[in-house]
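The data below hold one chain only, encoded as structure tokens and taken in the form predicted on its own.
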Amino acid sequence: MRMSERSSWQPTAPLRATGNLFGFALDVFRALPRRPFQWREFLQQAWFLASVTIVPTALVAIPFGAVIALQVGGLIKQFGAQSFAGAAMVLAVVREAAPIATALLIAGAGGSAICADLGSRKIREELDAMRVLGIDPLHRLVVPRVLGAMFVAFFLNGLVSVVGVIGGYIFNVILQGGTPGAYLASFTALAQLPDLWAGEIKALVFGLIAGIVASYKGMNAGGGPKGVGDAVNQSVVITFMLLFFANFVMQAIYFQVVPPKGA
């Protein structure tokens, strides 16, 4: 029994799985310009993703902004730079916290729902039936879901940014004794417009990654309902790993392309 288990394990399995995921992503990119575009499916998936993520995102954004306001406010107070609290909040929330919070909820709530939906279709052999009828499941089901995840992530990132900055303003002014005028006036001291665009681009990429990974694991689920549950768990874990890696790469590129603004 041990010999059979040892012989069934293959060291190249992770590399093969990575290659399959990369190939699936390329197939999705090739299917994007294909017509006709499934507008109805896209709108339904975007609305569904927004309905399951907008309230948790808004609730998560408040403690995100509060924690950052407390930490950053206490740190810059030691250096006697309380007037730059607003600038520090904008940089921390808009450029880092908002895309990460959006990505976690898109992957955790939206991605798991996408994976469960496609996985249930797979075990019910609906995907095979679509192929028999000449319908490409990739174009019909996956592309609208991936684009819907990107669309919702883009706007959720803006929501988190606004709520996070407002939460930071409230906590900085009420709990830390900051002045409203100094908080608002320092917005343009260190922050700049590319910071906002960098956060929005991150949200788009995170939505793309979450949609592709969830769709891939869902369409390759097997083993009945238990297999679908395992696929959902794996999709969330893989998405989180890829999101943090992509965030590091994009942030490093951003610092090389966009010079920081001096005070």
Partner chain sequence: MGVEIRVEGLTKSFGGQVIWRDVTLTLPSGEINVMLGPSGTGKSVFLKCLVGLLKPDRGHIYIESHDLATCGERELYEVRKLFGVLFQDGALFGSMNLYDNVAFPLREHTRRSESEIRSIVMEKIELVGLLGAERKLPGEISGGMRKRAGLARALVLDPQIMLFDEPDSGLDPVRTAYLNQLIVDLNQQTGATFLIVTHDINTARTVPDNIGLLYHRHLAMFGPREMCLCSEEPVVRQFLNAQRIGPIGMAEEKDADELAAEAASGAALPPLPPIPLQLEPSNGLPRYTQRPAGQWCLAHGVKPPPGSFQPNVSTAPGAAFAAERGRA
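Model, not experiment: these values are computed from the prediction. Numbering follows the first chain given and starts at 1.
Keep in mind that the form predicted in complex with the partner chain is not shown, yet the notes after this line are about it.
Picking from 105 to 113, 148 to 156, 125 to 133, 167 to 175 the stretch near the partner chain in the model of the complex, with a 4.5 Å limit on heavy atoms, gives 125 to 133.
The closest heavy atom approach of residue 144 to the partner chain in the model of the complex falls outside 4.5 Å. Residue contact check for residue 121: one or more of its heavy atoms lie within 4.5 Å of the partner chain in the model of the complex.
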